Structures are given as C-alpha cells and as structure tokens.
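To begin, one chain is listed below as structure tokens, in the form predicted on its own.
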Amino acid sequence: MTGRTRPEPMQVVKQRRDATLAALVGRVPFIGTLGVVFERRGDELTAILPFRETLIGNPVLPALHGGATAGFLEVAALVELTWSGLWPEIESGRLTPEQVAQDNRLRMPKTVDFTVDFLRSGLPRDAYARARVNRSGRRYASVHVEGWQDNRNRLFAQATGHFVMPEPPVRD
C-alpha cells in the first residue's frame, strides 16, 4: 500500500464547489436583484440573466435596458475574478463555503472602471456572459466579458473592466 490518500468522491467535490459559488454569489445582493444565476462547469462560469419584463428599457423595440446589461456584465466579471482567485484555496480545501459566506475578512475586488460596448440591442430573452481574466496581480486586475443571447458568436455586448484587488485575508 502506498502513502497516497484516496481522492474525494466527485459528488463531494461538486457539492463543495457549488456551495462555495452560491456563497460567493450571495455576498453581492445586486446579483439577486438582477436575477443573475451562474452555471459552473469545472472552474468555468457562465452568467445567465433570465429574461423578465422589468429588464426592458425600450418597450417600443423592445430592448433590454442598457443599465441592466452593464450591471449583468459587471457582476459576471466580478464573480469570475473572485472565483478564479479563490479556486486554488477551494480545491485544496483551505477555504470552505462557510468561510466564503461568513468571513468578513474576505473582500471582493473594487471596480476602477468598466467600459461596455453595446454591439446591438438586447432582445427580450435570456442573456449569457462569460468573463476572462486578462491579468490578475496583487493590486490590479483586468477582465474582459462577452455577452450573447441565442448565438455565442453573435455578441450583443462586451466589456472590459479594471479592478483593485483586495488584500488577501490572513487565515488562522
């Protein structure tokens, strides 16, 4: 017998990842206000903005409100940036879902600027977004986000954000 420990069952790993993501999302009340949900596949996140009539900004077209679109892309960037930074600690078991939910020492990045390119009108249907961290250092991060509705190759909005990274919490 070797000195290796048995890996955790995959279902336990999935539950821990999902609970940690739910705790992270729960730290940002605006995500719930918009109704954004996150779908996770491994370490990849897709933000989903389920369509609601209250998200319409121009009822004549009808089109999604620009503020709802911008807010959706910004929370997708913020959650991806935080998730990717916490991933090593989540996977090692050093960070539990309970710590993410309750530890006031855990801080989220702060937005410095966020530029949205509205490429076409958002239609009255569900929207999706994926963020990619371009650079993440100790003090600064840059994130790019793409938003689409029916076709991943036909974006309706994209954004670039710059964030100030929080000091890492001191773990006991």
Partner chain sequence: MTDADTEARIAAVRAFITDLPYARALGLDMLGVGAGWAELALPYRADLVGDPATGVMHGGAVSALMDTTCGGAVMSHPDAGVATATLDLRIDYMRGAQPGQTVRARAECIRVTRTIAFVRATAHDDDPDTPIATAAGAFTVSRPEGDG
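Positions refer to the first chain, counted from 1. For clarity, every value in this text was computed on a predicted model and none was experimentally measured.
Quick note: we don't show the form predicted together with its partner chain, though the next part is all about it.
Contact check at 4.5 Å (heavy atoms) against its partner chain in the predicted bound form: none of R16, L45 and P50 pass. Its partner chain in the predicted bound form comes within 4.5 Å of a heavy atom belonging to A68. Its partner chain is not drawn, but in the predicted bound form it has no heavy atom within 4.5 Å of P124. Looking at R130, you'd find every heavy atom of it more than 4.5 angstroms from its partner chain in the predicted bound form. Proximity of G137 to its partner chain in the predicted bound form: non-hydrogen atoms within 4.5 Å are absent; the residue sits far from the partner. Heavy atoms closer than or equal to 4.5 Å to its partner chain in the predicted bound form belong, across 55-87, to the residues L55, I56, G57, P59, H65, G66, G67, A68, A70, G71, E74, V75, L78, ordered by sequence position.
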